[in-house]
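What follows is one chain in structure tokens, specifically the form predicted alone.
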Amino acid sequence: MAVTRELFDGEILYRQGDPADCAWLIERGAIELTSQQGRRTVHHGVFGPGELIGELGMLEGAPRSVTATARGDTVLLAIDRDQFHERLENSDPIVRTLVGSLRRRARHLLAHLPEDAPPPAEDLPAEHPGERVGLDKIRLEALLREALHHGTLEVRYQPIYDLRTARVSKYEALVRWQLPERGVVSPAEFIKLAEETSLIVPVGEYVLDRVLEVLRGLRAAGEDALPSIAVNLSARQLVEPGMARHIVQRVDRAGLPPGVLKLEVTESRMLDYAQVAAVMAHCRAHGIPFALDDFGTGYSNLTHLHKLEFEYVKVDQAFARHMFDSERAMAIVRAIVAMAHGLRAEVIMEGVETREQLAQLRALGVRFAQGYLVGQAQPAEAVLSGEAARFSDADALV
């Protein structure tokens, strides 16, 4: 089913008695709801942009109780039934119980209405600010599904500098999303939204496919030494049934050498360590290394490094930016680097912006640096042409 639906004036969206397989969020235009009671037509109102219609029938799985007709040129977003039910299943058990009770009571009341009584309006406008926030979130989720369907998410590549070889040898793949009427959507916002549902899985697969396309393109262009490209995965994605096997199969089909795809585990709170470790071991056996991302912030803790083996530890950008603030800050950076090296893991320092930071990291034995001094995230074309590996201030990196 298409995510976006366009209607002309007078066109029917759905009819009374049709199956309720989705709800609809009105983007532009208006929808009038009517029902037929014998020879009498009952008007339930006209709904405009930002209003949700059809959600009660969708939740119940009951036939439509009204007919929805466009009043003027109208654009709507489809809200899939699974989208609602997934959120409901993942909600607090008390919320699920209350919603279930309300659904059963509504079903009972409708079943005992007199035959000549009109059914209650299926939809009412959302007037409370909290409801508006919820509708905005529903809308963004629907648009994210549409972006995945049409392939409009952009993957950019931030270079990672190897201090030992004095060249860019790695990239991190970063997904970006822009909406025509809103502009750039913060990655923190839409990734968090995706992680609340199973959308995080297709987002991860989308990024993986784009990365493999770039690596195949570099090989086809005659690159002798392919850079490695890191793809961010949450622990939830990593342990999704079949995900690890799926990743390995895609890399094998691409015929890429070991190590060119790297996985960065970004979940702050790890799931079952034994399960995550088994998945990591399976991928590692097929030449896919791992990095622990954003170490030192959020819920990152030493248990991750104790129970899971990582080839790389990515230190959060805050440490590079503030390591000259005090002796304590520098001592923490030294300790993190020494600990990672003691675990036979290479350090990737994020947020490197100055020559002084880079010189200090080199003195500490840090192998890799990432940040604006090295380069900002570039489109795939810049990686394929080699432009992303060139520096505007190359002498700062020697």
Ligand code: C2E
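One-based numbering along the sequence shown. All values derive from a computational prediction rather than experimental measurement.
One more form of this protein exists, namely the form predicted in complex with the named molecule; it is left out here, but the text below deals with it.
Checked against the named molecule in the model of the complex, the residues 240, 162, 294, 146 give one hit for a heavy atom within 4.5 Å, which is 294.
Think of it this way: in the model of the complex, the named molecule has a heavy atom of just one of 139, 236, 71, 176 within 4.5 Å, and the residue is 176. Partner contact region in the model of the complex: 183 to 191, out of 277 to 285, 162 to 170, 240 to 248, 183 to 191, criterion any non-hydrogen atom within 4.5 Å of the named molecule. Using a 4.5 Å cutoff between non-hydrogen atoms, residue 317 counts as a contact of the named molecule in the model of the complex.
At a distance threshold of 4.5 angstroms between non-hydrogen atoms, residue 333 is out of contact with the named molecule in the model of the complex. Taking the partner from the other structure, the named molecule in the model of the complex has a heavy atom within 4.5 Å of a heavy atom of residue 266.
Within this chain, residue 353 lines the site of the named molecule in the model of the complex, having a heavy atom no more than 4.5 Å away.
Contact annotation for 203 to 224: a single residue, 207, has a non-hydrogen atom within 4.5 angstroms of the named molecule in the model of the complex.
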